[in-house]
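Only one chain is included here, represented as structure tokens and corresponding to the form predicted alone.
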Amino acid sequence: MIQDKRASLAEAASLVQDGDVVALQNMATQLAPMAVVRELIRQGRLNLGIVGLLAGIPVDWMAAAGVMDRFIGGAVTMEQFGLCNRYRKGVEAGAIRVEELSETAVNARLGAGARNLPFLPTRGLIGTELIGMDPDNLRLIEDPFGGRPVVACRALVPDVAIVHAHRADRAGNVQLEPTAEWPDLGIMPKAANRVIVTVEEIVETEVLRRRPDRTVLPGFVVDAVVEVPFGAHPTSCFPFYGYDSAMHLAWVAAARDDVTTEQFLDRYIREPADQAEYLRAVGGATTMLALERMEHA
């Protein structure tokens, strides 16, 4: 019998415990699992270690809410919308510890975890100071076959990986449109001990079988799948909808001040009881329709 992996947002978020290392799919303004991020903040998670290849607004929200205490990854940025000021403030105050890696090193560490290997090599860090800053996880070693030295990147196995995609079936088989595939999606979930997936729609398995080339995760690696339309908002889920520029700008403005930061978090994250209430708070059908049109213009 096929196991039904469907869950509510609250049930899925309960798979994340205080202190866990959580890998978040995200490429700055694109395809972040924002609905679960908001739920983790509402549930009051603490001391999370966040893994990201190129993280953006979800990390800034979690930093502002005091959910995370460390970041492992390449960069945290909102690209054209500016700096992630609450993350930056947390780092400068010593509340958030940073384990900085190049993108190749993030992929190597997660890749080793996904393959049950002790490490994978890369040359992407050679010539930087990052190797010496993290000797527990990065070591310059000789090539045993006589070539140039390489950096051994210790396996990283997150407790939980959280991703957003276009569709899945009830068994947790996940499909992504090829226009939105990112390099971390194929590695993060396979390295993690538990996997949460939010999708724009849950469909019958037969729908997935019509385009098997778009299936990026098999159900047996997924622990919970949640249907959350606009679950990546305010980031994009191309080609369904674009990122919400107004929301990003509103956050950047609010994040400059402690009081307005808390007001923003209350209005858009803590007070809405579910995704429907959140969408109404950010503009409802009018805003969502505009974002859909932006992607199809």
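In this text, all values refer to a predicted model and were calculated from it rather than measured experimentally. All residue numbers are counted from 1 along the displayed sequence.
There is also a form predicted in complex with another copy of the chain; it is not shown, and the following applies to it.
The shortest heavy atom separation between residue 152 and another copy of the chain in the predicted complex is within 4.5 Å. The closest non-hydrogen atom of residue 143 lies within 4.5 Å of another copy of the chain in the predicted complex. When another copy of the chain is considered in the predicted complex, residue 199 lies well away from it, no heavy atom lying within 4.5 Å. Within this chain, residue 120 lines the site of another copy of the chain in the predicted complex, having a heavy atom no more than 4.5 Å away. Among the residues 138, 160, 224, 156, the one placing a heavy atom within 4.5 Å of another copy of the chain in the predicted complex is 138. Contact annotation for the candidate site: 167, 256 and 280 all lie away from another copy of the chain in the predicted complex (no heavy atom within 4.5 Å). Contacts to another copy of the chain in the predicted complex (heavy atom within 4.5 Å) from stretch 80-116: 115, 116.
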